[in-house]
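This document starts with one chain, in the form predicted alone, laid out as structure tokens.
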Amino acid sequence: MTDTTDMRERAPRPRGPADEHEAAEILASARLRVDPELRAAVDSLPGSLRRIALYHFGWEHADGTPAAGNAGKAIRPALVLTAVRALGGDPLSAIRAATAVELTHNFTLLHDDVMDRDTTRRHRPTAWTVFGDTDAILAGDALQALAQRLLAEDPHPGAPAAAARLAACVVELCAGQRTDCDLEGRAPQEVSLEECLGMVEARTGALLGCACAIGAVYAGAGAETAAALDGFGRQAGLAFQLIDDVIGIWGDPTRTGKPARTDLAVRKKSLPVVAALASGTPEGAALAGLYGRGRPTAVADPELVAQAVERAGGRDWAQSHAADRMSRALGDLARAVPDPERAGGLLALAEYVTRRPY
């Protein structure tokens, strides 16, 4: 048996700007392949739910007129299709599965926006701000049902196992969201980094891991390979969320499509913030004083809070820990796909989501 050190030595390494070009091509291809199936699924919804979903995906304006469309980057369906290819399968056989994963992701976005009261997504108002909480939640429920229907109707022999994986993933996502809500109601000193990392793995890493594992299932790979790819996706997902939290505080809204520092304005306990709070430094203690307990009606200047997080080491910790998680992801990827050339597409996607400019 090859030991972990040897596997990490054989793991594919970051390849620089060429990776970004490869990732862009993979994502564009995934979007092109998945969108027709995705659009057909959404078009099958009853009128009122269809209208909300079409708006959410960027295919219609709020008044129902056609829009240019901005359905997102298609990272999760791209992981499904790229994992199939990496393991020698036919990506075209997994289009429905990739679409099901994308529908599940968007179900979580609709619900998260309601619970977090986020007002902007993909450079436009969120669905709940346009149609109301109830309609946005119901549209999310409908997307999740469509995902399961796609897999139930898929004749591919891997579809039942994929459906079971996706259903288990949704349960994990819900548990992670529940933990997130619980953490937000606690005082800063009552929240640990370990709890937050576990919550992030459930909320973000689980679906990325599930996407990769479903790709393994559709390629006919064994349980060990599927588990290794699930680990790859989870670790890459943690790295992704760490960087996303950094971008949420210090990112440029013209690049991200979201206002900067909104999480700080509501005292959300993102990973850089919790790391800063747990730093044991005077700056961390000062930050705890700014954050207080629960969601505030009036807050300190988010710019001052961002400075406090950075002085307490939250930004540096998040960036360093993202690199560590990416290293772990490489080890899992090498176990699943020992050939660096075959693994290159998955690596390019992982590098893309964790090396975003902001």
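We number the residues from 1 along the sequence you see. This is a predicted model, so every value here is computed, not measured.
The form predicted together with a further copy of the same chain exists for this protein as well; it is not shown, and the discussion that follows is about that form.
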property: Location of a further copy of the same chain contact in the predicted bound form, chosen stretch of 27-35, 44-52, 66-74, 325-333 [non-hydrogen atom, 4.5 Å]; result: 44-52
property: Every residue of T134, Q148 and A168 near a further copy of the same chain in the predicted bound form, heavy atom within 4.5 Å; result: yes
property: 4.5 Å heavy atom contact, A265 to a further copy of the same chain in the predicted bound form; result: no
property: a further copy of the same chain contact at E224 in the predicted bound form, heavy atom, 4.5 Å; result: no
property: a further copy of the same chain contact in the predicted bound form: P160, any heavy atom under 4.5 Å; result: yes
property: Partner contact for S279 in the predicted bound form: a further copy of the same chain, 4.5 angstroms, heavy atom; result: no
property: Listed residue that, although a further copy of the same chain is not shown, lies within 4.5 Å of it in the predicted bound form (heavy atoms), from A286, A187, C174, L193; result: C174
property: In the predicted bound form: members of 178-215 within 4.5 Å of a further copy of the same chain, any heavy atom; result: R178, C181
